[in-house]
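First comes one chain, alone, set out as structure tokens in the form predicted on its own.
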């Protein structure tokens, strides 16, 4: 038996799916022209699957900051943060994040995925409990398993189930850390965070909120769902990423927890990974500044997301439970999802396919992500393409889409 034969069944499954069209997991862009436009196979494509929520990847100030940092400080640090990899810019970004969230402490990681690995594996020991929303991101599960804590799942977005599971732990030794997300990446739904905070307080637990998809999106100043729900004081740790609204790569954690800096030497993913290069640090710092400086980006993003969600709903697509920058259309099965994705791409629209086991309830999803950089005309063009392909495949009624306000 060959080493990779263990994956034969999965390889066969994906081989069958590919017969429905191109492989959505193997797309290469010939050229990216803007936050919402690219070329694939020599054709112009409208991008609706990039998580570039505020369109900051092409912001002139962000690009200039990255260029200047590269010219003055080189292309990389060649070391971890606890060795030679802490530059003045890293500390400046951490201070900017702490100031943005009104917290005393911040740590920057080399990816958002690594932020969850590093924080969760370090926070909870073998006598502690991590209580996870069942629909948590893979990085949350992997970070939890990387440590030695006991892991308990509760039903997605169900405060009563969380209360029940924490109640069963009453009187047991060890800390209890509840982990939820602001906006969930598959269906775009938000957590009932006010209710979760109340349950957390009642049981004396800690709360970690992953705001990866809600930073720059929710809240009066863009701090995320904790701000929008008015429960920032209840969030003991906030984790996030630079790869969505900030348009770069990297991750972070902010907190007011006393003794927070000890995590820098007990978090193995932080301790043993090369730090982010100066260009990425400078770009993230400037992008964070742009979020504070230009609230209109957030307002435009929400407007576009609501327009696209309402348009798909009017067409008859089955969607996630609420509008957000993540708008997922639920497909009957993986084969249909592949075929629908392929037909959208052929028509000039790029989206994402999300399949089990990465999706809740084993759903097959056509996952779109809306940007503030999309014009109204581009949102409407995407809706028209969805309508044409949906009718051709018999997935939606033949009725014409109602005009959008």
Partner chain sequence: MNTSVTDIHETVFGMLRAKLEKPIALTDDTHIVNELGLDSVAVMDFVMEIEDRLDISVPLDRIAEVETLGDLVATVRALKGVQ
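Residue numbers count along the first chain shown, from 1. Note that this is a predicted model, so its numbers are computed, not measured.
What follows is about the form predicted in complex with its partner chain, which we do not show.
- Heavy atoms within 4.5 Å of its partner chain in the predicted complex are found in one stretch of 204-212, 150-158, 117-125, 309-317, which is 150-158.
- Each of 141, 165 and 357 is positioned with at least one heavy atom within 4.5 Å of its partner chain in the predicted complex.
- With a 4.5 Å cutoff on heavy atoms, residue 265 does not count as touching its partner chain in the predicted complex; it lies far away.
- In the predicted complex, none of the heavy atoms of residue 92 sits within 4.5 Å of a heavy atom of its partner chain.
- Among residues of the shown chain, residue 134 is one whose heavy atoms approach its partner chain to within 4.5 Å in the predicted complex.
- Its partner chain is not drawn, but in the predicted complex it has no heavy atom within 4.5 Å of residue 299.
- Screening 72, 145, 292, 104 for any heavy atom within 4.5 Å of its partner chain in the predicted complex leaves a single hit, 145.
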